[in-house]
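Only one chain is given next, in structure tokens, and it is the form predicted on its own.
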């Protein structure tokens, strides 16, 4: 896809949100990164914004470059606030060890994303884990690439990247990996059996989306969160959660 076509498609979505007078909420690190970079290009280049609006006008849209784009993680931490989330928690995650996997696009380029104070050493996911009662697992791979972006070009390299991150978290005792990105989830969960086969190593690391983890703490049943539909069985994590949860 040509960059201008992609920018126009994303600008149309931003224009739709602008017409409603609402910010745009994403639950995907990749979507957040793509929208944020499109927004940056349009705001920093008025001539390009005009060019994109010429493309959109036949559909009745015009973008003013002012739509706020917010990831679910950012909304929980900054907009709604962890103190308010904590008030609604029904079950503690005490006794579980969780490894965050941020994904590339939520942190980089830091000049555009500008959420974490230190994008090399982010803390927002770990702050959520601690607030929920879980123990964060700190490991190098949490800010690296899951391998999905290159999976169509170099599957073996993609598998090595995913496997290295999963095995590092496992060796440090993580009960589950948690990501705010569905594409990272796809590569780390759905393709994990292929990764394990390629590396000739047993992994069996449950991978949850951030919304599923918060849902558990709020008292949503695991089946409603589709935790029985994952490729990698989540029952080992859920067993530990059931054993350690404390009803408030």
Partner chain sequence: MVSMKKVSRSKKIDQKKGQKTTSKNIKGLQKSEVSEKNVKEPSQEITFRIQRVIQGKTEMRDYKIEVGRGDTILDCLDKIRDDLDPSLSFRRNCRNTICGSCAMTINGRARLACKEHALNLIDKETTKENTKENAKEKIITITPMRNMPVVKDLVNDMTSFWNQYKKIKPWVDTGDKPLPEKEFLMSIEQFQELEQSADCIMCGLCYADSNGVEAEKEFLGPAALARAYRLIADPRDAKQEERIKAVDNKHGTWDCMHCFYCTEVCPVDVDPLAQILKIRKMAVEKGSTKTRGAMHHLTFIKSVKDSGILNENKLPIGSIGGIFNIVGMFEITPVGFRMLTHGKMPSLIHHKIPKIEDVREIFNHFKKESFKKKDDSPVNYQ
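All values derive from a computational prediction rather than experimental measurement. Positions refer to the first chain, counted from 1.
Although it is not shown, the form predicted together with its partner chain is what the next lines describe.
Its partner chain is not drawn, but in the model of the complex it has a heavy atom within 4.5 Å of residue 194. Using a 4.5 angstroms threshold between heavy atoms, residue 138 counts as touching its partner chain in the model of the complex.
For the chain shown alone, residue 154 is a contact residue for its partner chain in the model of the complex, at least one non-hydrogen atom being within 4.5 angstroms. Taking non-hydrogen atoms only, residue 164 approaches its partner chain to within 4.5 angstroms in the model of the complex. Of the residues given (92, 86, 110, 78), 110 alone sits with a heavy atom within 4.5 Å of its partner chain in the model of the complex. Taking the partner from elsewhere, every residue among 4, 8 and 117 has a non-hydrogen atom within 4.5 angstroms of its partner chain in the model of the complex. Contacts of stretch 47 to 73 with its partner chain in the model of the complex, defined by any heavy atom lying within 4.5 Å, are made by 48, 51, 52, 55, 56, 58, 59, 61, listed in sequence order.
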